[in-house]
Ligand SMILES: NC(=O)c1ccc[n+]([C@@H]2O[C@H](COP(=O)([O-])OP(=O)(O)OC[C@H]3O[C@@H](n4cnc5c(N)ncnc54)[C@H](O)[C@@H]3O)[C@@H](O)[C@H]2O)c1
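The chain below stands alone and is given as structure tokens, in the form predicted on its own.
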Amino acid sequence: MTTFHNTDDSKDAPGAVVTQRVCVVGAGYVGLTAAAGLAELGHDVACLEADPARLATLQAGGIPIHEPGLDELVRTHMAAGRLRFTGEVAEAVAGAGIALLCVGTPPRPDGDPDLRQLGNAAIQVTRAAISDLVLVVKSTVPPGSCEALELLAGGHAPEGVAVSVASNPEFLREGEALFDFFNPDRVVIGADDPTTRERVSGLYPSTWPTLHCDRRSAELVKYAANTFLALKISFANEVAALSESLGAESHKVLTGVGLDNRIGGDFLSPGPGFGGSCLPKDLSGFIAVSDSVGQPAPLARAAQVVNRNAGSAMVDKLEALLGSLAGRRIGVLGLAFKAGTGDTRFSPALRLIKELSERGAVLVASDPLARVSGDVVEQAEDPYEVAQAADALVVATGWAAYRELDPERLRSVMTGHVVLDAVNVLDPDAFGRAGLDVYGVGRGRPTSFTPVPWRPLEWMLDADGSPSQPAELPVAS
């Protein structure tokens, strides 16, 4: 059993939590990680899950998602009696003074967040309460949602039961959720009264970095953080496109940018765009919230446009290399939205597959974890089966295993020689020696020659073409 935290319940222990009976609503990535993490911290946790199949898996000691270490932690605390799963609201709420709401808030077709699951969860839990209850919103919601939820839930509370609502947004990366839970950059707690703030703060060790603020600010922190990450990724893709046009190396450029301590290198990797359950949804939510108060949010909208075009640019590049894609057999390596997870929600790989299919390509794909169904793409067992008779190969997800692929073996089974590395994980030189041409993002072989030096040279000359004669030496910058 991996020890994530010292579960010493003594109130005198440095940073000790205030042990509580906690109800967690929803056993998805956020809820299941929170439930297991809180049990590890010493709390008594009941996790409420509405989906019968998922609930049966959990009660049998299984984990319906891929998250390293989570299965072990769940089984350990189920055996210890600190964690249990139920589909009965009254059973989950019994004795609990605090309930974490970890349900989905997906975007509607117009980009507005759909908060119906959140509202329904709050009403059900509140109706079952027999004593005062604090609802803690872990789900990503627009500012003002906690206040609205407090009004909604309060209207359904039994007589004598007071309901308060706090914001405590999650900041978990899929594939590293447990690490992030126990090693947070910050714990954000938004509460408008001291008693609620104290109750929520007691869930976590006092030594963890904590930001206390009002509810609207806490709600906006999550939207703003993910919007900024989306901006960084979109910026990296713009730099990559410019690097290709200029014959520069985007990896070196972006490394140089990221070495600036004011900027940092995380999320400065170009590729087919961002995906997953957070960044696209929260970027749309940020824009929707901005619209609702009359703010234009031009930077957020630009990131959305760049991300939407990133996949099309990859397909355009492949079409330029192969000619028409109609009838071409294209192998795709990767289906998950990123390495380390089986999650395909808003996956850039699936966007690539969809557009390749629309242009007439015949597709076969594989992924170490992710699975998809449908008629658009055939799914194979391994990368070499994907490459069989392929006119081209596309690496769409940055799995470390793809760095270890044998280029000689790939070349021996492929019909063509083009490899589009949309995530820059392959060694172009090694593949080149095997007779495969690798085209990456922000690097690769130029398809046309752009005489870049002539514009700077033109800018150095006077209108008549003679060298400029400054009246005095320029001042050094």
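Residues carry their position along the shown sequence, with the first being 1. Since the model is a prediction, treat every value here as computed from it, not as a measurement.
From this point on, the text means the form predicted together with the named molecule, which you will not see here.
Only one of 272-280, 233-241, 324-332, 288-296 lies within 4.5 Å of the named molecule in the model of the complex by heavy atoms, and it is 272-280. The candidate site formed by Gly26, Tyr29 and Glu49 is fully in contact with the named molecule in the model of the complex, as each residue has a non-hydrogen atom within 4.5 angstroms of it. Of the heavy atoms in Arg75, none are within 4.5 Å of the named molecule in the model of the complex.
Heavy atoms of Pro143 never reach within 4.5 Å of the named molecule in the model of the complex, leaving it off the interface. In the model of the complex, the named molecule lies within 4.5 Å of some heavy atom of Val103. A residue is said to contact a partner when one of its heavy atoms sits within 4.5 Å of a partner heavy atom; His212 fails this definition for the named molecule in the model of the complex, lying far away. Only one of Arg82, Lys222, Arg216, Arg199 comes within 4.5 Å of the named molecule in the model of the complex through a heavy atom, and that residue is Lys222. This chain lacks the partner; the member of Ala99, Ala153, Ala121, Met314 within 4.5 angstroms of the named molecule in the model of the complex by a non-hydrogen atom is Ala121.
Using a 4.5 Å cut-off on any heavy atom, the residues of 130-149 that reach the named molecule in the model of the complex are, in sequence order, Lys138, Ser139, Thr140.
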